[in-house]
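This document opens with one chain alone, in structure tokens, the form predicted alone.
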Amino acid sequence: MTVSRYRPVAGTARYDRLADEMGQRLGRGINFGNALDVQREGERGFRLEEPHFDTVKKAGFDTIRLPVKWSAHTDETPPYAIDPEFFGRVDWAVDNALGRDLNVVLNVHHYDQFCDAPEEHMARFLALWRQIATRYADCSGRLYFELLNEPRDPMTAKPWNDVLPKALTAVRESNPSRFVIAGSAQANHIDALPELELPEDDRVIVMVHYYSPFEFTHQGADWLAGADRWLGTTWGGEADQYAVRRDLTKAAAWAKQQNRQLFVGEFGAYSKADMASRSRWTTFVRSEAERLDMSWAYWEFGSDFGAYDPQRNTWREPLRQALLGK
């Protein structure tokens, strides 16, 4: 295993080269959420099809974040083999993206049992990553591995910090130089960044998710008890903008101090918010992230937060313009 023990200092030629390679190549992205990250693809009303990759490429995106619920397709006992048919489905998605010169962020998504009982599921989680990393070891550098989506309680910062070096070691056994993405605890919340402890590896990008204010972005969400009481919440005043700018600036300051690149791996507003507010919020979050040199991926393409309407085969134009500015 080859793991860099040197994290370059901001402003040096080595840091600038790595920063360009990490951040600028990820650029502007979109999540193919609610497809391969659910128990059975299609149960959320969306199934990936080949034309979706062309649609994303033609629109001008650089990156697809591909959330995958591996735990729904993996044996419960050693050696914790991943179902070959499902692996083939993920291969198909990765190949379609890489074949169009799109970056791919491939992750472990919705492994809830692991967050609930880290020690009990540690061997299975590491076995997942050894299989994933080995299978895609020969893929181009446009493929990025994201270790775990939204670690959450009871996996608080300390147990998550204990997991990180083990997971990275599992990846580095077969991928010594591939870029790896790791987020903070508390579901990748910005406020959890100060507690994040990363291995000394110069090819680790830090990810945050941004859904503030939650009462706006998740109003009416059918999986959240009481979310209907937020219906009608709008966004766009000076105080609203100040709060977003404050949050993202705080994250950027932490990243600068740590000499790390930041990736806003998810941000989006649920479909029950009014479109004018959704468009304003999305435009502002995206523009602030870019102002602060963060790459990003919108949540998500064609489901309940979707910027694209797969039934009509067309972009929801206010959201497309909010993301791409044209």
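Residue indices: 1-based, along the sequence shown. Here the structure is a predicted model, which means the values were calculated and not measured.
The discussion below concerns the form predicted together with a small molecule, not included here.
The candidate site formed by F216, W281 and R320 is entirely out of contact with the small molecule in the model of the complex, as no residue has a non-hydrogen atom within 4.5 angstroms of it.
Between the options N103, S184, N149, N175, the residue in contact with the small molecule in the model of the complex by a heavy atom within 4.5 angstroms is N149. Taking a 4.5 Å heavy atom cutoff to the small molecule in the model of the complex, the contact residue among F46, W299, W296, W70 is W299. Here the chain stands by itself, but in the model of the complex one stretch of 192-200, 105-113, 153-161, 80-88, 105-113, has heavy atoms within 4.5 Å of the small molecule. For F305, a non-hydrogen atom is located within 4.5 Å of the small molecule in the model of the complex, even though that partner is not displayed. Contact check for Q261: every heavy atom lies farther than 4.5 Å from the small molecule in the model of the complex. Mapping the unseen interface onto this chain, N34 counts among the residues with a heavy atom inside 4.5 Å of the small molecule in the model of the complex.
By the criterion of a heavy atom within 4.5 Å, Y211 is counted among the residues contacting the small molecule in the model of the complex.
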